[in-house]
Each structure stands twice: as C-alpha cells, then as structure tokens.
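You are given structure tokens for the same protein chain in two forms, set apart as structure 1 and structure 2.
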Structure 1
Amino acid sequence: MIAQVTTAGAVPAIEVREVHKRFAGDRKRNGRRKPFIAVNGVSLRVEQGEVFGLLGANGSGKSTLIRLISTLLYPDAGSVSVFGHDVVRDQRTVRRLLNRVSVEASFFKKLSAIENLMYAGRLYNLSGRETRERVVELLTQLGFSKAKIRAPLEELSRGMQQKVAISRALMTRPKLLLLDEPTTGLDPRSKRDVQELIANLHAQHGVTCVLTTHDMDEAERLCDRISIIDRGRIVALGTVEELKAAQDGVQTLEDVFFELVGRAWGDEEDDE
C-alpha cells in the first residue's frame, strides 16, 4: 500500500452523490426492453493524492462509474464532481483535469510510439516542440530505448504498448488518472512494470489515481482505500485492514470479496 498524501480540508478529487445510471437491456418483457441498472445510488469520496481501488465482478458497474467520472456518460440522477467541478455543467474543465487508461488502448499499430504520441499531442493542442520533448521524457523514464521509441507499436509487447497508453494519458499532466484494468492480460514482468509506474507516479507527483482491477494483490499493494461494488451498489469501503476486520475469519482481500459478493468474477456479463 502506498502512503497517502491527502491535504486536510481540501476539496475532494472525486465526489459521487447518490448516482444512478441505467441502460436499455437486450431482453424484452411484454414487448418492452427490460432496463439494466448499472449504477444504483452510489456515493463515495476520493481524496486528493489518494490511490483508490474499485473492485467488482464483470457487470458490477465499475467501468460505468469510471465513464461517469470521465464525462463519457452522464448520470441519470445524482451528481459527480471532480476537484469541485460538476461533470455535466463543467465538462470541459473536468476533461482538462483528468485522463483515462483502459484495458484496450487504441493506437495506430503501424506507427511508432513517438508518432502515436505526437499525434495525440496535436489532439491535446500541444505545440510540436513541447510534445516531442514531453514524449521523449516520458518514454525514456519508462525504459524505452531510442530503437523502441521509433519501433512500430505492432512490434512491441502488450506491456510496452500499455506504457505508451499511460504516457499518452500523462502528456496533459492530469491531476486525476483513471486506470480501468490497466494490467489485465499482461505478462507478469509487464504487469509489475506498470504497477511500479503507478506507484512512482503517485510517490513522485502526488497524482490522484482510481484503479479498477481484478488482481487482489495489485489492489492491496497499490491502493490506500478500496471500494467493492456489486450489482451497481457499493457494498464495502475502507482500507484493506478495515475490510478484513469487518469480515470475521477472513485472511485475504480475496476472501473479503467472496464473502461480500458470493460469486466468481465471471458470473455476470461485463458492463463494458
């Protein structure tokens, strides 16, 4: 677990209040679609400088919640604010304060890492010189050699590609980084590299991070606090020690999860 660097009395990085979000379902009842409730009355607060974990089975609502925070979706009811800015009213301001890394980052695979990031820099309205300097700085910090920086993305490992995705998210120097299963599908070495990158970002720059993951060891290692979401509701929130203490006889975070959720990770459809 990383030492927390919150500021007493500061505006929270994220505040979610009684948020609801539902979608039209595929199944029909009496000729009508049955709505799927993805987020059901969720409230939580993430402090500045915190690494906050969001755990849940596929279909639990965690990815929908990340999209609501990042302004990709709007809540049907309730409110979400990022550093005091409402995600609906202050959408542009919120987008300047955060960036997001997903499990499947999209790239131009025939282009190199530096070419992909230079293109992203234009989308972020960064100058060419500023972008090039920032790209080289970020990729060098992540262990890219000159050859790797200029190699086509399709020739790089998944782990290296995910580092490029994180570099792209860091180009705007966000105050909030949303990491939606960033290590899923990576080999053990690449997974450890990305985990160390997240830890270093937090330690060196105090970036607030929200991490969704299926890896209990990863959550325990990186997160100051953890929230468990099930069927769109928060069923537990606290430090790892607090979560374990609240469940009699459990020894691991995985035990806590199964005590609260009572089913395997893959028993529900993904909420993506």
Structure 2
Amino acid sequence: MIAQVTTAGAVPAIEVREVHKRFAGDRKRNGRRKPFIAVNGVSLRVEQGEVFGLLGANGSGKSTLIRLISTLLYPDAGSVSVFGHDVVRDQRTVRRLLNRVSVEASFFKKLSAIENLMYAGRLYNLSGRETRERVVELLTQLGFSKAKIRAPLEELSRGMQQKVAISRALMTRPKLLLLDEPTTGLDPRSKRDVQELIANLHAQHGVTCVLTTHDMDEAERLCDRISIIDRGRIVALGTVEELKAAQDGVQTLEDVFFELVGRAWGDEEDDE
C-alpha cells in the first residue's frame, strides 16, 4: 500500500457530478436502436495525489468514464472537472494537464517507437531533443534496448507496445494520468515493471492516477481508494479495508467484487 499523500481541502484532481452517458445501442430485430446507458448518474471525487482504482465487469462503463474525463466524450448530463477546469468549457487547459493509456496500444504500426513518440511529443510542445531524452530514459527503465526503440512497432510484442504507450503518456509529465487496463496482456515481469513505475510516479512526483484493472491484487497493491462500478453505476467506494468491512464475511477484494457485482464476468446482456 502506498502512503496517502492527498492534499485535503485543495481542488480535487477530478470531480464528477451526476454524469450520464448513453450510446445508440445495437440494432434490434425491428431495425430500431435501443439506447444503451453506459454511465448512469456517476458522482465521484478524486483528490490530488491519489491513486484511484476503478473496478467493474466488462462493459460496466469504466472506459467510458475515463473517456469522459479525458475530453474524448461529452457528457449527456452532469459535469466533470479536472483540477477545477470543466472538461467541456476549458477543454484545452484540461488536455494539457492529463494523459491517458488505453488497453490497446494505438500507434502507427510501421513507424518506430521513437517516430511515434516524436509525433506525440510535438503535439504536447516538446522539442525533438526533449522527447528523445525522455523516451530513452523511460523506455530503458522499462527494459527496452536501443535497437528496439528504432524498430517498427509492428515487430514488437503486445507487451512492448504497451510499454511504448505508457511512455507516450508519461513523457508529457501529466498531473493526472488515466490508466485504462495498463497491465492487461503483460507478462508477470513486465506487469511488475509497470506497477513499479506507477508507484514511483505517485511517490516521487505526486501524480494523480486513475487505474482500471481486472487484477484485484494489482488494485489492492496500488490504489489508495477503489470504486466498483456496475452497469454504469458506482456500487461501492472506499479504501480496500472499508470495502471489505462493508460486506459480511468476505476475505479478499475479489469476494467484495463478486458480492457487489453479483453476476458472472462478462455477462452484459440487456436484462430489463
């Protein structure tokens, strides 16, 4: 567990108020689309310097919530602010403060890591030299060799690509880091490297993180507080101890998860 370095009373890193998001759902047999509610009245507050965990089954709305915070989706109702800046009205200010890592490492597959990151760096106003220095530092920390930095990304394994994706976010030195399943698909060693990197960021630079994961141990190890989201609603929020204490007779975080989510993993049928 990482020591709590929250600055109580300061502007929260994230404030989500009564946010709703729905999508045009799949086409039904009669040709109509039934709107799909992905986020259903979520409110939460993440303090500065916290590592905040977001757990939930597949399709529960975690990534949607992260996209709402990262200015990629507009909320249908409610509001989101990042360090006091509204994500819709102060879009550019918010964008300067955060970065995001998603499950799939999205890159120009023929370009090398350094070419991809050079592009990303310039968009965040980094010079070529700054980018190169930071990238080499970050990637060597994650076990990259010099040759791998120059190889087309399509030649790298998924885990390696994910490390490049993590570097893309870290090199811009965000105050808020949104990590959407950053360790999914990584081998145990790489997973540990990434977890250590996150823990370090937090300890050394006080970076606020939101972490989604399907790995309960990881959540328990890294997160100061955890919220569990089910079908677009927050069903529990607190420290691991608080979550455990709130349920009768549970031993692990996984038990808590099954108690609250209650259904099999991946079961997202529309059952209304």
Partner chain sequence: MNWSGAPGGMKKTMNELAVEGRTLYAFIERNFHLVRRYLSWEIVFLFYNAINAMTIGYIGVNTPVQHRNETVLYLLIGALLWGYLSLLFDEVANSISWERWEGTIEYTFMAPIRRLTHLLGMCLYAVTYGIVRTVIVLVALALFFHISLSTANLWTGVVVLVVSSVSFMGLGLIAATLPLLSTERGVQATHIIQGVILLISGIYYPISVLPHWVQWASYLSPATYALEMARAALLHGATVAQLAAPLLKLLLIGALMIPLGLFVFVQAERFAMRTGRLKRNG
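We call the rigid core the largest set of C-alpha positions that still match within 1.5 Å between the two forms. Here, a residue number simply tells you its place in the sequence of structure 1, counted from 1. Just so it is clear, the model here is predicted, and its values are computed rather than measured.
*Asks:* Given that just one of these two is the form predicted in complex with its partner chain, which number is it?
*Replies:* Only structure 2 fits here, because that chain is the form predicted in complex with its partner chain.
*Asks:* Taking the rigid core as the reference frame, tell me whether Leu153 has a CA displacement of 2 angstroms or more between the two structures.
*Replies:* Indeed, Leu153 is displaced by 2 Å or more.
*Asks:* After superposition on the rigid core, does the Cα atom of Glu181 shift by at least 2 Å between the two structures?
*Replies:* No; Glu181 is a residue whose C-alpha shifts by less than 2 Å between the two structures when the cores are overlaid.
*Asks:* State yes or no: after fitting on the rigid core, is the Cα displacement of Ala169 between the two structures at least 2 Å?
*Replies:* Comparing the forms between the two structures, which are aligned on their rigid core, Ala169 does not shift its C-alpha by 2 Å or more.
*Asks:* State the core-superposed CA shift for Ile114 between the two structures, in Å to one decimal.
*Replies:* Here the C-alpha difference is 2.7 Å.
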